[in-house]
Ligand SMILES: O=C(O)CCC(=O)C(=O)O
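Only one chain is given next, in structure tokens, and it is the form predicted on its own.
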């Protein structure tokens, strides 16, 4: 019944929250580990009030044991089919005082990316974005802003659809939930960074799940797709570094199938 309820929420509204994915006695350890990794390897191009670390799994594996959570993968499998895989892992910390961000949809629906599906989109879920709440998500600390139902739109504010990306939307909501929960979004859903008005960082890891057939090679530095779509055209694109074989070997066995496509090949 819980899976049916979550699926209905995800299909109709474009998002849902799966609670208790990370056990309560593990949350503090994972949060501290993620915060330390972001502090040590933070993306210098990120806004000063946002801690951003692409390729998070390469630097910290504290959250890895939970990526194949049975309830979460049941939801992912129901939306994406058999043999899903992980396309991105990103450490994301909203520090106190961070500014509100612009409305957008995630890759491959962000029209500013080199590798994007051109609008108008077909009404189909082809990618899921998950935010792992390592601190509670509240209105005060900037739980992600969402526009429920916007995943059914054939375009989004990155595609000049007439909606000002920086203007509050009448039906927007903050996604809230207790630490240890996972916010699941259809990647087409319009969402934005919310301002953190608290005195504590809002720490999370963003993990994106893709079906086996979705080509993610444009994200991989050194790939032919990246050269053709991004480097040769001058268009920007996310960069997801390959996973070292040594890191892959240490991942829990149920998690390895989610990353095997991302392992660096020996030269």
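Residue numbers count along the first chain shown, from 1. All values derive from a computational prediction rather than experimental measurement.
We do not show the form predicted in complex with this ligand, though everything after this point is about it.
The stretch from 159-167, 186-194, 119-127, 68-76 that comes within 4.5 Å of this ligand in the predicted bound form, counting heavy atoms only, is 186-194. Among the residues 181, 92, 87, 150, the one placing a heavy atom within 4.5 Å of this ligand in the predicted bound form is 92. At a distance threshold of 4.5 angstroms between non-hydrogen atoms, residue 206 is in contact with this ligand in the predicted bound form.
Looking at residue 31, you'd find every heavy atom of it more than 4.5 angstroms from this ligand in the predicted bound form.
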